[in-house]
Ligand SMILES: Nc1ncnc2c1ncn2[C@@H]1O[C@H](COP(=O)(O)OP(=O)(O)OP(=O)(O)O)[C@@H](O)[C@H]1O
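Quick heads-up: it's one chain on its own, the form predicted on its own, in structure tokens.
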Amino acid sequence: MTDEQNPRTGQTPTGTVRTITASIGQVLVSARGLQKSFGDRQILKNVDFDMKAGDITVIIGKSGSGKSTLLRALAGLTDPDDGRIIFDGEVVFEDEERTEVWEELDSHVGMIFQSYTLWPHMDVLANLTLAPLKKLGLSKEEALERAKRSLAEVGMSDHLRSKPSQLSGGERQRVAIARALMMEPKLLLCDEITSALDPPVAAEVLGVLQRLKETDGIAIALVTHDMAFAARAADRLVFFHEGEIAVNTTPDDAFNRNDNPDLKKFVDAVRF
């Protein structure tokens, strides 16, 4: 959402309303021919990728294979060198730059990191409301009500005034999810968000994500090295190898019937 938009109507000065039209089961985001290099090293090599509303897509592969770079490109945190990104039928990246439409749709995209990135000096309420107050222009009352709803969705209603230091790792990750929900995203990108969590806590976080995709129709992309988590979470499983998508299938096929030697080697190395 741009600074010129009315925060209540979502309208720009031209009267354009940018709402998400993709329903559950329809393609929400597409990447075509994405390429990205850092120096002499090519990280993304002509990547094609689709995500459907209401699906959890789990992305696996070796460190440096391109997984996180793809997420950052979809989130607008880094621009590809070439290719196209389409979000809800609108081209948001093309010809090496973001289109004007991206500014009207980027608030529908949320990203959560392994390190939580919570402000340690702020309580949970302040962490949740900072961006909506500044970016969406919500009133304090509207932001408070939205914060209460977001915390309720992740089972953290009793921690509105807690500081991050008072929370466990799993609780901090739930707050990070709630903060992303404050922007009411339709695409949620999660980069290794369970890697520092014990298996029971990771399972709780997975439960939160599954509820979100089922109740809100959010498309979720999740990078992980935890194969047990991947098997439980994924509707689609994508395996990156040396900057390319080598496998894109169901988790059952990937783990039990796929004959890709690089995937087999990777899974055997990090298996359950």
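Bear in mind the structure is a predicted one, so any value in this text is a computation, not a measurement. When you see a residue number, it is the position in the sequence shown, counting from 1.
We do not show the form predicted in complex with this ligand, though everything after this point is about it.
Only one of 67-75, 145-153, 172-180, 103-111 lies within 4.5 Å of this ligand in the model of the complex by heavy atoms, and it is 67-75.
In the model of the complex, Arg211 stays away from this ligand, with no heavy atom inside 4.5 Å.
At the 4.5 Å threshold, heavy atoms of Arg236 stay clear of this ligand in the model of the complex, well away from it. Taking non-hydrogen atoms only, Glu192 approaches this ligand to within 4.5 angstroms in the model of the complex. Among residues of the shown chain, Ile43 is one whose heavy atoms approach this ligand to within 4.5 Å in the model of the complex.
This chain is drawn without this ligand; in the model of the complex, the residue among Arg32, Arg232, Lys62, Lys52 with a heavy atom within 4.5 Å of it is Lys62. The partner is not shown here, and in the model of the complex the stretch 125-160 never reaches within 4.5 angstroms of this ligand through any heavy atom.
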